[in-house]
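A lone chain, given as structure tokens: the form predicted on its own.
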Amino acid sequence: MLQALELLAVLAAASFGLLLARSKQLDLVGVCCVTFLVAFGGGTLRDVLLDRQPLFWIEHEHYAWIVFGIAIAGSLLPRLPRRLERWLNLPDALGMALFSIVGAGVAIRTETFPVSPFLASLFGVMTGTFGGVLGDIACNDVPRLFQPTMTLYATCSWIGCWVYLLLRGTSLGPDVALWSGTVTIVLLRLAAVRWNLRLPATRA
């Protein structure tokens, strides 16, 4: 099930990366680079820190071909209307949620060394958010994750990861835990966007 979720995460994140690159009017190379960064950035950092070899998108080469196809096909589409930017939140929330749960699941099951649930939740947040950070940097923007006006983002990922980690050991089973965590993150993220929910800013 984790691998199925990982594929869905790659598709959602690649779609977000494509829309992000198109909204910046990048050329073909730029679209491909941003799409790859968003789709694979978080999972690559997770695998490097957990010393997992090969990297997940090298082990499953078809991921790279799928993302490449999405980037090429998306580059050939007519110019997208600017109002499409408001729909970036949907694939972003879905990709972030799926990658967060996959990241937490991979971390808690790693055979290299034991990882506590707390560290697994952090690996989940890292996996779910770092690709978007790289995409924003590549587009010459301050990463939205770090902007003081940003609505709840990493917090949604962290809460959803804990929902998954707490439920996976219950009688509900791992599949219910996976989907419960994913749905929690998506709903929290969309609610944060809808009602402008954010953490209080720190004071100097």
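Residue indices: 1-based, along the sequence shown. Definition used throughout: the rigid core is the maximal C-alpha set that superposes within 1.5 Å between two forms. Every value quoted in this text rests on a predicted model; they were computed, and no experiment measured them.
Beyond the structure shown, there is the form predicted together with another copy of the chain, which is absent from this document and is the topic of what follows.
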- Query: in the model of the complex, do 88, 165 and 187 all put a heavy atom within 4.5 Å of another copy of the chain?
  - Reply: no
- another copy of the chain contact in the model of the complex: residue 161, any heavy atom under 4.5 Å: no
- With the partner left out of view, is residue 108 within 4.5 angstroms of another copy of the chain in the model of the complex by any non-hydrogen atom? no
- Does residue 171 reach another copy of the chain in the model of the complex, with heavy atoms at most 4.5 Å apart? no
- Query: Would residue 177 count as touching another copy of the chain in the model of the complex under a 4.5 Å heavy atom rule?
  - Reply: no
- Counting only non-hydrogen atoms and a 4.5 Å cut-off, give the residues of 33-59 close to another copy of the chain in the model of the complex. 33, 34, 36, 44, 48, 49, 50, 51, 53, 54, 55, 57, 58
- Message: Quick check on residue 24: with the core superposed, does its CA move 2 angstroms or more between the shown form and the other one?
- Response: yes
- Message: Superposed on the rigid core, does the Cα of residue 52 end up 2 angstroms or more away between the shown form and the other one?
- Response: no
- Rigid-core frame, C-alpha of residue 69, shift of 2 angstroms or more between the shown form and the other one: yes
